[in-house]
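The chain that follows stands alone, in the form predicted alone, written as structure tokens.
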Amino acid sequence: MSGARNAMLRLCLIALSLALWEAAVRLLAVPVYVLPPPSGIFTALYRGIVSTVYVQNLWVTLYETILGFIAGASLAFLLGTVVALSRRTEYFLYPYIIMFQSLPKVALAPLIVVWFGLGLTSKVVNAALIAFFPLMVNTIVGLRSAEEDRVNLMRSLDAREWQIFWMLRLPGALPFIMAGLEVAMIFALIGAIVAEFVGSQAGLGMLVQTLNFNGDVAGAFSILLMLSVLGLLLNQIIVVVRRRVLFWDASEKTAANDASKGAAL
């Protein structure tokens, strides 16, 4: 019952914010092309969904984001594992990693579109590239967080390196990896949208560009609303997976206890 009450309070707060926005725009006579009222945004959203234009482009962006996330996360985990476990590999690759990480990924989007074309590939590559580094860094930090005393103890018991990895290093690195996955998912969405801005035949990014060119500011805001909700849903999927995987972690237990106490208030 308390949980339902908290949800209602959250919805009321959102409704109050939208009402204040609507009232401010109308009372101050703000031009629609500067800041449209929420009623205009939701009207544009309804029309776009009913005409299936928004839905079709939403699936394109979602497909690009998921493929880019999978590709970027897989490569990040593999390279992060190799760098974390091999000091020699780190010695040779670390300068290249730092130099490549310092490059503005948004600036690379036009080159990626030129190299891979306007189709799906360029969007997936750009999404994977932006999602790559957060997870790689977290993987390296997580795998190296294993206590040396425990590692030495397993080695004294004649454990193989792969046994140390699976039984000690990887379980200890999972909280870091899951945190990196949360960031990587949102970054993959951003990467896909940026690539669609540069050049695309479909997708929500392309649709925003078209609506802006036509002066439909309310329609552009409705797409931004869809992207916000999409990012929230993708993040929640990773959060659910994290809670399933890290049910044994003390931080997850603390978060669950805090949530249950908050619902009981």
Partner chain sequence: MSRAGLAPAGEAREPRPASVQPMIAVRRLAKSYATKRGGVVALEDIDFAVAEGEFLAILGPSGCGKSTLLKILAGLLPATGGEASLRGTPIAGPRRDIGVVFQSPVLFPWRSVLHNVLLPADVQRLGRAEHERIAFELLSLVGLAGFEHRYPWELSGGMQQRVAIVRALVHDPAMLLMDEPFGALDAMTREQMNLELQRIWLERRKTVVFITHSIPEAVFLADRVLVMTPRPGRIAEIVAVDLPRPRSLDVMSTPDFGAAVKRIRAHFNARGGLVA
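From a predicted model like this one, the values you see are computed outputs, not experimental measurements. Positions refer to the first chain, counted from 1.
If you look for the form predicted together with the partner chain, you will not find it shown, but the lines that follow are about it.
- None of L118, L79, L168, A179 but one reaches within 4.5 angstroms of the partner chain in the predicted bound form through a heavy atom, and that residue is L168.
- Distance criterion of 4.5 Å from any heavy atom to the partner chain in the predicted bound form singles out N152 from the list N152, S86, S74, S145.
- Using a 4.5 Å cutoff between non-hydrogen atoms, P134 does not count as a contact of the partner chain in the predicted bound form.
- Interface residue remark: S156 is counted as part of the site for the partner chain in the predicted bound form, having a heavy atom within 4.5 Å.
- For the chain shown alone, Q101 is not a contact residue for the partner chain in the predicted bound form, no non-hydrogen atom being within 4.5 angstroms.
- The partner chain is not shown here, but in the predicted bound form it comes within 4.5 Å of a heavy atom of W162.
- Look at 136-144, 93-101, 106-114, 168-176: in the predicted bound form, residues with non-hydrogen atoms within 4.5 angstroms of the partner chain sit in 168-176.
- Using a 4.5 Å cut-off on any heavy atom, none of the residues of 76-95 reaches the partner chain in the predicted bound form.
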